[in-house]
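Only one chain is shown below, in structure tokens, and it's the form predicted alone.
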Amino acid sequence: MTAVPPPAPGRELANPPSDGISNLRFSNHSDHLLVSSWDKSVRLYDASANALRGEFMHGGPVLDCCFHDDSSGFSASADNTVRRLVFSSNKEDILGRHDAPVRCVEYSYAAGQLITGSWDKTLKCWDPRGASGQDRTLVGTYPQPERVYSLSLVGNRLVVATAGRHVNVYDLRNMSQPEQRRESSLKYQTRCVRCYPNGTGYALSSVEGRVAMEFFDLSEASQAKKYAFKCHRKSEAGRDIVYPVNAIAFHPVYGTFATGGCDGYVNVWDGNNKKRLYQYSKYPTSIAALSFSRDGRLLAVASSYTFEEGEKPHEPDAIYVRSVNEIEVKPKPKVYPNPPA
């Protein structure tokens, strides 16, 4: 019997969330996928087996989630709580609270700490190994210039993107003040920030169909390498229609990256050579989140309307897991003309 090739968008996971998908992430240890949603749930899937392995309900919409290890994770909720989720027992406990919805959560393996960012304009660091009780798990609270919209980590570096186009860069070993205070080089609201896997900088996307490629090193030579490019746009009747770029995900092997926009497209880019490598066929609605598996063989895509045009009829929220072909993500070698004989 010949195997039937998977449909173009990838394999759709059974038992998806019943409302907007806020984020999804692959584990660093397996093909487990953690998914947070506005339906107040965090779901744990085995993406390879297409099986729902666990579900955790919260007191409000869940705006972000991340893994701790393969047996537990963390979530950030609009009910102002930060929760730890234990998969084996299907139990969760409250690690701590912010004074407003918690927008982002990241676990640092380097520091052994959980970092959360909130619309209360603070960043908090937590030690999940601390005894129970908020006083003993909270390591520090760090005021931000505005509401936190996106966080990303690489090694000991933390990048915080807030409302008002602020970007703060921290060294996790000294959180007393940012190592760098920056302003986004894009003119419009930041949607997503993701650090380069090699630790030299970060990509930042905006609501206005653009991505900026930035570098940490402040030397003139490094700063000369930064650039921005337009994406997730189309021309209609001579007018440019521009879509928010909601998601950025770096390929763990090749360092190329995928972007997802409200146009329903996922594009793959080679940032070093400033080229688009691939565009996947269009998804049913906005791309809300993207994640590559730890070996880069799978790409999880959240096709989920993000209400950029307000309340309107829209396609159901869905998670697609697609097998990644090397040709889609591997940088193409530069072709040099033959030197004269």
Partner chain sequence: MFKHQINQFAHIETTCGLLLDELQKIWDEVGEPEVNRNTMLLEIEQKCLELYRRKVDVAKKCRAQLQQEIAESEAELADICSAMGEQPLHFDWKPDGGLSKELDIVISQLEDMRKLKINRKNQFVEVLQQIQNISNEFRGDTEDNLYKVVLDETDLSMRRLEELRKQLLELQNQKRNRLKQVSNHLNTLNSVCSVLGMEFRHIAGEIHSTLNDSKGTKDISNHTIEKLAAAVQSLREVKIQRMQRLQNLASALLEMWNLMDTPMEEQQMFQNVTSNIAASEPEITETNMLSVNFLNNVEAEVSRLEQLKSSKMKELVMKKRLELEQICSQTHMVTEALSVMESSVEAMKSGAVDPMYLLEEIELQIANVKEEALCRKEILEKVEKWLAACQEESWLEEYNRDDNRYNGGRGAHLTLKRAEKGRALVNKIPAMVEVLTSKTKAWEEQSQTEFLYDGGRLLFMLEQYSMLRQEKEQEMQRQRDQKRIQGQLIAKQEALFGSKPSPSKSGKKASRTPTGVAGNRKVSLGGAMLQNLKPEKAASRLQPSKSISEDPGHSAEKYSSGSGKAHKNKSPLIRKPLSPVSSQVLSKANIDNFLEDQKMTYTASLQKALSSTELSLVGTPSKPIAVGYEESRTPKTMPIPEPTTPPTVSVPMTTARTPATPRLALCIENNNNNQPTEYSFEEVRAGFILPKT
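Residue numbers count along the first chain shown, from 1. None of the values given here were measured: they were computed from a predicted structure.
What comes next is about the form predicted in complex with the partner chain, which is not displayed.
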property	result
is_contact(residue 295, the partner chain) in the model of the complex, heavy atom dist at most 4.5 Å	no
Close approach of residue 269 to the partner chain in the model of the complex, 4.5 Å, heavy atom	no
Proximity of residue 124 to the partner chain in the model of the complex, heavy atoms at 4.5 Å	no
Close approach of residue 241 to the partner chain in the model of the complex, 4.5 Å, heavy atom	yes
Heavy atom within 4.5 Å of the partner chain in the model of the complex - residue from 110, 86, 163, 253	163
The single option of 175, 207, 169, 153 touching the partner chain in the model of the complex, heavy atom within 4.5 Å	207
Interface segment, criterion being heavy atoms within 4.5 Å of the partner chain in the model of the complex, picked from 197 to 205, 69 to 77, 222 to 230, 114 to 122	114 to 122
Candidate site 81, 142 and 192: all three near the partner chain in the model of the complex by heavy atom within 4.5 Å	no
Contacts with the partner chain in the model of the complex - residues in 300 to 320 whose heavy atoms fall within 4.5 Å	306, 307, 308, 309
